[in-house]
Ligand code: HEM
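Okay, here we've got a single chain as structure tokens, the form predicted on its own, with questions on binding and movement later.
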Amino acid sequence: MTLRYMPDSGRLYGPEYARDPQAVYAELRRRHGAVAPVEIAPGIEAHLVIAYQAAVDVLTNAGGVWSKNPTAWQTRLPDTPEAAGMIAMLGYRPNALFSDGAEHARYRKVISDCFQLVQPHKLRQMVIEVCDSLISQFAAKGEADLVADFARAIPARVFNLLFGRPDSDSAGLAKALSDMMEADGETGARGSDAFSRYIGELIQGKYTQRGDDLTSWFIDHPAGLGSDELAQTIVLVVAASYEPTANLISNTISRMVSDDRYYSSLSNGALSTYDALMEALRAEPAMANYGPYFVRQPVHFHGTWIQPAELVLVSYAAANTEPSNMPEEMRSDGGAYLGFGAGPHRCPASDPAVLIAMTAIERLTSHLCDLELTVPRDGLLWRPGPFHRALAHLPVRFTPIRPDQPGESPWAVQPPSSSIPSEPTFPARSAGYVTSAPWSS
């Protein structure tokens, strides 16, 4: 396909884009308006939706022309490592992200029903235990990298436990997901392979022996997912839970410790953790450009012709921050944000994600109430990649907490619970065996 790609302004990869994506979005708006041609990897082009109303039109399927099925697009990709990395993120799989209509409703109901079995107070306790375990490893040092030491470890450990795997498996899961998200060819493919092994072992174990966990509930759901559908649903939930939650935690902390509205000391900021989370979701969403869509027929959309085999990405980051000359209270969007998407494909687990992020941040700041960045916020490094807005590091210093000091400390906790017990509401299905690789389509 041939788009109106302009190399000076339209690359969504590399250090310059990672350093200042808003400058890229601004130039794209100036040149192209609501929809802009971009390159998401060398030789891989897309239309990027960067205006708020245009994004809402796509997400709510205005006109009924939008589809999530990428089959026609991916069959036209070149045989390159870059394309392989994109397929790892955007290629078709039988799950809720890449389906439409009744098929999508069936997949989504499995996810929604099973997450309702996760009791919020027990999830909160699990997050507290995981966070205290992590904090105990660096609290006595007086310094930490809150990306590597805290934010990225939390969702990997929490969702690994929710899916019924031992806590020792969480480090490998985190590495696989991080590699996949870079989408730079070899690294992305390596992460995809490691993730496939993780999912295959998880499902094989749960078919053999059920537990009080999401995997077992997915298996026993009345929708009767086939083996590949089950694998791909778990792939979607794990991947969609890990990166956005990790980035939401670190992006929010970085704003709180560099803005006196939240933090002159974390105990007397004027705004709350929830306020900071909402600001991060709007101004710096964890998944900046990950809303893949396709059209069912040629469409002239907000001034741009789009063909069925062309990739359209919704830029939540650009749409949320679209300039407006109107006061906030008079904007038609009401100051809304698209951090969790909108319409039929809006994230079905946004409430657990916010609960995990808020609990993690509040637990951290309750123990370490004088956190400060060791570099200015505008000097922080961001991970390259077209899809996420993710800090590479978040270096902080603070008053150390010694394990022998009086009062409450992070060491007075038990190891994280291995599951979130709840009474399943689905009749058990007979055990089966997953014979196809989780990433196969």
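What you are looking at is a predicted structure, and each value in this text was computed from that prediction instead of being measured. We call the rigid core whatever largest set of C-alpha positions still superposes within 1.5 Å between the two forms. Numbering starts at 1 and follows the sequence shown.
There is another form of the same protein, the form predicted together with protoporphyrin IX containing FE (HEM); it is not shown, and what comes next is about it.
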query	finding
Candidate stretches 343-351, 168-176, 190-198, 145-153 - the one whose heavy atoms come within 4.5 Å of protoporphyrin IX containing FE (HEM) in the predicted bound form	343-351
Contact check for 108, 237 and 290 against protoporphyrin IX containing FE (HEM) in the predicted bound form, heavy atom at 4.5 Å	yes
245, 215, 359, 254 - the one with a heavy atom within 4.5 Å of protoporphyrin IX containing FE (HEM) in the predicted bound form	245
Contacting member of 127, 96, 90, 219, with respect to protoporphyrin IX containing FE (HEM) in the predicted bound form [4.5 Å, heavy atom]	96
Partner proximity in the predicted bound form: residue 281 to protoporphyrin IX containing FE (HEM), non-hydrogen atom cutoff 4.5 Å	yes
Contact of residue 115 with protoporphyrin IX containing FE (HEM) in the predicted bound form (heavy atom, 4.5 Å)	yes
Proximity of residue 241 to protoporphyrin IX containing FE (HEM) in the predicted bound form, heavy atoms at 4.5 Å	yes
In the predicted bound form, residue 59 touching protoporphyrin IX containing FE (HEM) (heavy atom, 4.5 Å)	yes
After fitting the core, residue 375 CA displacement of 2 Å or more between this form and the one not shown	no
Core-superposed C-alpha of residue 62 shifting 2 Å or more between this form and the one not shown	yes
Note on residue 302-residue 62 C-alpha separation in the predicted bound form, which departs from the shown form by 3 angstroms or more	farther
